[in-house]
Each structure stands twice: as C-alpha cells, then as structure tokens.
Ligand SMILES: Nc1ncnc2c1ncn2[C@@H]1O[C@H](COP(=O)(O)OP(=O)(O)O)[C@@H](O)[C@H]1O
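The chain below stands alone and is given in structure tokens; this is the form predicted alone.
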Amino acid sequence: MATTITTGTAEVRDITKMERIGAHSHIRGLGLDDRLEPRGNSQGMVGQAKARKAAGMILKLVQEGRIAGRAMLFAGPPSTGKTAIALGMAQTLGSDVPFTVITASEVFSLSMSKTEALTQAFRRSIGVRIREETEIIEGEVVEMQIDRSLTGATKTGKLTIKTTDMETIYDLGTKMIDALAKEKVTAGDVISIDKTSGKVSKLGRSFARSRDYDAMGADTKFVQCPEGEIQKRKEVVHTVSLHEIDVINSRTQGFLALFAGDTGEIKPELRNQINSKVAEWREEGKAEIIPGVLFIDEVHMLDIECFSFLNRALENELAPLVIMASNRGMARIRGTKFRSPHGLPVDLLDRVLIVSTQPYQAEEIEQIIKIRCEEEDVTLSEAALNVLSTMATQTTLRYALNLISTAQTLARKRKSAQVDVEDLRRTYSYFMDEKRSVEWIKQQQGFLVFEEDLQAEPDADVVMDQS
C-alpha cells in the first residue's frame, strides 16, 4: 500500500514577533569579517576572539552542509558568553537553516520519554527544502464582475486579467469569489492565483493606477504590470523541519497539531516511512536535506542514558550539528558515581570539538556594559560607568548588568535623565551579590531553619579512568 506523506507546505504562517529586551537581545551575529576574523566589537559581540573564530569556521561548514552529525562543546566559567556565541551562530545562519535551542533539564520535565524528547529536538534541527512546480495565474485585474442569485445563496462572476501582452476573462465560482473578497482585490490590483490550491496573493497596485488618489493608502505598494503569458509554471520552494512532517502525519488535525503544544510521542514506524519518502524525494531531485544546529545548554544536566542516546544519534544519517555548553570542571556524570571532565562521559568527549571561553578583561566588560545600556535605553554617567565596570570585575558580570535597570528606576525617582554613582550605591545596598550573600549566611549561623552540613564522603566519588 502506497504511503502518502503530507508536508503541510501550502500553509503560510505569518507570526508577528514581539519586541522584548532579553539577556541576549543585543546579539546580532558573531561579529566576524569576510575572512572569519573576529572584530573587536561588532554585532553585539565583544572579546572571546578564539571561540568566535572557531564558531565561525564551524558555521561555514554548516552552510556548506559538510559537518552534519558532529558535535562541539563550549566549555568555560559562568558568564563568559557561551550562550551568546550560540545565539550569534543562530542569527548568522538565518531563518532558512533550522536552529533549535533546548536546556538539558527540560528533557526530564516533558510528558514523554527522555529519548523521545531528544529525538524530537534532533528532527526539529533538520530541514527539508522541497521544490515543486505549480501553475499560477499572474496579472493586473482589469474588471471583476460578481452576480448573485435572487436568494443570495450562490454567487458567480467573471474576472478580467491582463498582462502587457494579453488579456483573458475567467469564470469565477463561489470559493474563488470569497478568496478574492478576503484579499480585498479591486480593479487595478496585480494579483497571483495558485491554480492547485486556489490561494490568492495581492502583489501590489499597478503603476497605471498611481494617480488614482482615492484608492491609494499610505502603505500602498506599486508594481509593474506583469509581462508575457498570464498562465505560467513557477517553481516554489518550501522549507519544513522533519519534526513538522512527523507531527502533521501523526495527528488527525494535520498541521494544526503544530500549534497544540505537546505533540506527544511519535511512532518509530511513521518516522521510518517519512525517512524513506524523503530519501525518495532526494533521489528524484524534489527535496534537499538541510542539516541544522541543535544547541543543548547546561549539557551536564543530562544523565548517562541521554549521553548514550546522543552517541548513537550522532552516527545517524539524518543528524544535525550538535552544540553543547557546560560550565562544569570535574563533575559527576548524572546517573552514575563516576566523575569526568565537564560532566560528560569520556566516550562522548572523544567525539566533540571542545572550544574554551575565557573570563572577560576589564576593557571588554566596559564595552559590554555600554552595549547593554544602549539596548535598555539607559544613560550612565562616566563615573557610574567606571564604578559599574569595577563592580563587575569584583563580583560578576551578570550581577553588574542586573543593576543597570534597577539603578535607572532610582534615577527616575529623583527625576534624573542619567544614572549616577549614588544610584548604583543605593542599588548595591539593596541587592546582594553571591559573595556578600555567603558572608551574610555565615553571620546568621544557627538562626536559619533546617541547616545541614552536607559533606560528601571522600570514597563516594570514583574518578573515571581517562586512559
């Protein structure tokens, strides 16, 4: 029995992004030039030259489709830009190459098995670029005449379309009349109609109607009247992820299941059918596989079963580039008694390219603070900038960045346009950093509830053999 695989490519989703200031909303890319050399301060990235160049080289290989099924690890202390570099890679790749971000701990909080959650993340990171030929009608609307029956139940009509070379009259049915009405098509509009799906797209208004001031709004787009034949064949390219194809074919409601949230577990038999169908499309030249990127943050939170799955999944024919991030040194592998570098098993570490990130220098910290102030629309005085940079060196960069918006609140309270040293001092007194918090806990020794001295037994940890 022949299996029909649905891709849902005919559905166009228009999602309006909500502008929001986040921890990494200032990142626009990796800040590399054409020779993949890192600039000092570019696209929101500062410092970490070696790590950014390594990421740029990997990115080049991803774009050429030469590094699928590999893995790399960003390892470094907290607040050294590991997640920022990964998000910079996502910005550089663009929307056509799938980039999936997950945190290792979320694998354990989903209502499905760990391996299923990782499988879905893997398949979200693999794109399928599908090429198909479709017949379209494209031209300028000369006249649209709609006739209604006496009861109003049925509608018929005629549509006159022209190009620079020819003019044709088409008979319209009820569905096509509704589609044209939905797009608010009027005489003088340049439209495109997909004959297979009946989808109507309004390309703009003809330049011949540019003097028709009554019909022109502020956002009206004027286009030239199309040339040549009215009916023409056109190649349409759709890009979907393997996971989207899985969901569409595993649910009765089709593509609407993508918006339902929890998609549940998908049968391996269905995935095998989809893989074989995609392989057929590749052989016929209808489809092309785009290996994307899967970024797993805090990867040391995965357990030994997940690491074993990753080892096997990376050898699969359909595997993306897996980028991991960890801030651990020698740490216990979750689910075992063994300790290993970065909390990853040695056999997985042997597969990955490890990129280290270094703590930021004082000048780099100052530049990062300036970038964040621009992102958050905060004006710092010169003295306040020096104090905040020193504070970041003595405490942590994240703590200093968190003080920017809180200090601005205090500055607004005293009706000042810029944040001064006094605002930072008051904020510093309100919010403790990690070192002062530890000191305070020591002072409160014996007063806090349920204090316990948890000392790990020295023989509880077995150091993994590195040979």
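Residue indices: 1-based, along the sequence shown. If you're wondering where the values come from, they're calculated on a predicted model, not measured in any experiment.
Only in words, not in the display: the form predicted in complex with this ligand, which the text now covers.
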* Counting only heavy atoms and a 4.5 Å cut-off, does this ligand in the predicted bound form sit next to every one of Met45, Gly81 and Leu401? -> yes
* Single option in Ile368, Leu73, Ala384, Val247 placed near this ligand in the predicted bound form, where near means a heavy atom within 4.5 Å -> Ile368
* Contacting member of Leu424, Ala51, Val62, Ile27, with respect to this ligand in the predicted bound form [4.5 Å, heavy atom] -> Ile27
* Asked: Just one stretch in 341 to 349, 81 to 89, 276 to 284, 156 to 164 has heavy atoms within 4.5 Å of this ligand in the predicted bound form, so which one is it?
  -> 81 to 89
* Asked: Is Tyr360 a contact residue for this ligand in the predicted bound form, using a 4.5 Å heavy atom cut-off?
  -> yes
* Give a yes or no for Val97: in the predicted bound form, does one of its heavy atoms lie within 4.5 Å of a heavy atom belonging to this ligand? => no
* To do: State yes or no: in the predicted bound form, is some non-hydrogen atom of Leu380 no more than 4.5 angstroms from a non-hydrogen atom of this ligand?
  => no
* Contact label in the predicted bound form: Pro77 to this ligand, heavy atom within 4.5 Å -> yes
